[in-house]
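Only one chain is included here, represented as structure tokens and corresponding to the form predicted alone.
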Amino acid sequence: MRIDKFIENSREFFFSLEVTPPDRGKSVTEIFNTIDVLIPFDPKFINVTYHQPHISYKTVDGKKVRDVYRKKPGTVGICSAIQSRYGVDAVPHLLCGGMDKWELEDTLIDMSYLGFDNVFALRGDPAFGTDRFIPKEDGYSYGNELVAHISRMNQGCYLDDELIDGIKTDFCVGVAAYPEKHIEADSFDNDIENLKKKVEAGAHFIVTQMCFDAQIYLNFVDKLRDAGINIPVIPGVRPLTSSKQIDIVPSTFGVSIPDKLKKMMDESKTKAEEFESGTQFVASLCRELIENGAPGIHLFTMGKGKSAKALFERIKRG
């Protein structure tokens, strides 16, 4: 199921999920346990994040040795397992970071062979331990370059110039957007221009960074439409169920927390009351997004099936 075609043809409000691969050496059962409790709410697709390797250097026998370690491998395998186990479309993330053009193309070929209809294309954050993004040699520096590569494959064009009449892939390409501006962008307008480059390169739908204020999302969509960006914009949300999360989330993800939610958390006297206050607030946010025309809600589960389930139950109750 191509996500763009689903949205265009169904006009049906939907939920989707995002999960993260387990740490190296851990079981995929952790992800299944989260998805198992959310499947009854009929998610239309499940995104699986991708993580570039951590690169460090150590001294071995007096020589400096480059150490490459991927903490969370398995994105493509997990996507395949999800589609097999649940019959729900899985959307693998793919990053510019950590791979050159040929490695990216090989990964996309694997995704096509496995029958994935959708891919989520991102530049990715700077590698662990660095403060700026550095592409691999012969890699891409910007997300729009990766989107353009996928679009060329959709037209049957590959990196091998001698390859004639290559098989056309049929990927629907999703990209990320930031209703409160990407932390690295010089300005909000500059950030929208960068997003427009991804759309012009061939992106088909947008999922936003988590947002906790419906008006911020709605204003953002208006700005995108004014800029000529007319593809679907799916708001991302996340359950917030503890005062600790209220403290950590803004600096970690570059988002703001409404004063109303902060006040609700401050007035909660127990962890159970914090859980209830956060669930109530985010459920109301989702209903407001739905009522104001959002095509769907993309839920960042963060591996927390209990809080996600409670949120869905509250939304369904109204």
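Just so it is clear, the model here is predicted, and its values are computed rather than measured. We number the residues from 1 along the sequence you see.
Beyond what is shown, the protein has a form predicted in complex with a small molecule; the following relates to that form.
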Quiz item: Within a 4.5 Å heavy atom cut-off, is Phe15 in contact with the small molecule in the model of the complex?
Solution: no
Taking heavy atoms and a 4.5 Å cut-off, does Arg152 contact the small molecule in the model of the complex?
no
- Is Tyr86 a contact residue for the small molecule in the model of the complex, using a 4.5 Å heavy atom cut-off? no
- [ ] May I ask you to state whether Tyr178 is within 4.5 Å of the small molecule in the model of the complex, using heavy atom distances?
- [x] yes
Exactly one listed stretch (241-249, 115-123, 215-223, 153-161) reaches within 4.5 angstroms of the small molecule in the model of the complex by non-hydrogen atoms, and it is 115-123
Checked Lys101, His93, Lys136, Lys72 for heavy atoms within 4.5 Å of the small molecule in the model of the complex; positive is His93
Answer key: of Val173, Val207, Met111, Ile82, within 4.5 Å of the small molecule in the model of the complex (heavy atoms) is Val207
